[in-house]
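In structure tokens, one chain follows: the form predicted alone.
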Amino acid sequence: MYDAIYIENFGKPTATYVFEHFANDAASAASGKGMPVIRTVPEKIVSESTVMEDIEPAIKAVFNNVVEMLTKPLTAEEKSPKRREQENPPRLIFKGNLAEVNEFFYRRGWTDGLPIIPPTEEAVAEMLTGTDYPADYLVAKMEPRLGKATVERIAINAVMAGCLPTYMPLLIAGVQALVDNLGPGKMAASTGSWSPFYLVNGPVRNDVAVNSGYGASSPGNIANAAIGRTFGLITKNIRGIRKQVEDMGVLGNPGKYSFLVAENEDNSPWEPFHVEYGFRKEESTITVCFPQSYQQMMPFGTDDKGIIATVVGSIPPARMGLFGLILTPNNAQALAKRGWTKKTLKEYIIKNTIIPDDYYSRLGLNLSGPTDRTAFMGPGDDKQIFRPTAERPDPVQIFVFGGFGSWMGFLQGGPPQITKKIELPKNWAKLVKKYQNVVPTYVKY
């Protein structure tokens, strides 16, 4: 749709083929660019289809509609479309009990399907104590709807998600990282089900108790759960990416509820992730990338050979984009003990992860080499799965978190990661002290 809008801006009419299930997505994309009534032609073939005997009849069936769209005079609405958004919405939107508020918010499409905490004036004011920025400070305009992520709007979504005020600095930096990572709304507005993965580094991870150990990516820790959940609510309520409207992820992804951890810096043998990318160890950062999938596996062995063989032997040739290798502290220590650094490990994985000569023929595919994925993987040897490019100079990343154990994990897909420094307010020590005891205490059996 963005290509069609670009052409229309030059005064040239367009008629865009749109898969019939994507009508709402197309309308939203056009509206977000100031052309809410741009003409589209519904068709019945999925966007990624490669089967010509399906594609040709589907397109021929609606070709006459294209001619009609390009020759039919503009309607009054098309000549002068009306603004649909409410320019000055009321500040107080609803009064009711907890159940009534939740039903109201859910019916409006403002939640992620789970109950929310009502963002009352008092709750939002308390959340704003977590930052020195004024409430109306504009952190970013977020694609694709150009929603204004002010500090107050971030705080509203943070209250809804169940955050503590100490999370505000992470949320502000995370919004900035999202904007830099995503460009014009890609990854979230897609048939792919990309899930944001957030990594917290530096002293702030301990200040707000972000879990980096056992079960780091599992439910149960308020910081991991609520911070990640807030970004999901911001994606819907500020960015304007809603399921089955702009977010057309075919399968969906449970990681979209929340996928945020801290790096286990204390037990990693290597420099922290943020130090690897130019930050000082005493600085705090948040990193975001967008994997399509998350996979756990047991390595062939717990020595360096067993761990590396598992990586090189398990990466599918069909993968695209960033590859994140998740190592537990003891797996990382086993590698470091044998002289492996992050740099040498990445280099080995890139060089040795290749497609066997007979791979496609064994699958019954009539291909002399892999399907052309140069746009995603970069030019290079057809057998090479990882191909560094100017946009993706580091296609392999290494994350150390989790408890002590032999399991390892893969994050696969998405653009390069973005890391942002977390700026703390002047009252940080006082704020941390106020909320530092909000931690679970389990009954001993």
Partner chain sequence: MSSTKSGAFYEVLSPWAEADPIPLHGLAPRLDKLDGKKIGLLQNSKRAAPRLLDVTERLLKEKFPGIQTSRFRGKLFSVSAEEPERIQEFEDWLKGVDAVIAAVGD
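Residue numbers count along the first chain shown, from 1. Just so it is clear, the model here is predicted, and its values are computed rather than measured.
Separately, the form predicted in complex with its partner chain exists; it is not shown, and the next lines address it.
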Exactly one listed stretch (327 to 335, 263 to 271, 68 to 76, 309 to 317) reaches within 4.5 angstroms of its partner chain in the model of the complex by non-hydrogen atoms, and it is 68 to 76
Any of the heavy atoms of residue 106 lying within 4.5 Å of its partner chain in the model of the complex?
-> yes
Look up in the model of the complex whether residue 348 has a non-hydrogen atom within 4.5 angstroms of its partner chain, and give yes or no.
-> no
Would residue 395 count as a contact of its partner chain in the model of the complex, using a 4.5 angstroms cut-off between non-hydrogen atoms?
-> no
Are any of the heavy atoms in residue 173 no more than 4.5 Å from a heavy atom of its partner chain in the model of the complex?
-> no
In this chain shown alone, the residue from 98, 365, 251, 298 with a heavy atom within 4.5 Å of its partner chain in the model of the complex is 98
Scan 121, 136, 282, 357 and let me know which has any heavy atom within 4.5 Å of its partner chain in the model of the complex.
-> 121
Note that its partner chain is not shown here; using its position in the model of the complex, name the residues of 32 to 56 with a heavy atom within 4.5 Å of it, in sequence order.
-> 32, 33, 34, 35, 36, 37, 38, 39, 43, 45, 47, 48, 49, 50, 52, 55, 56
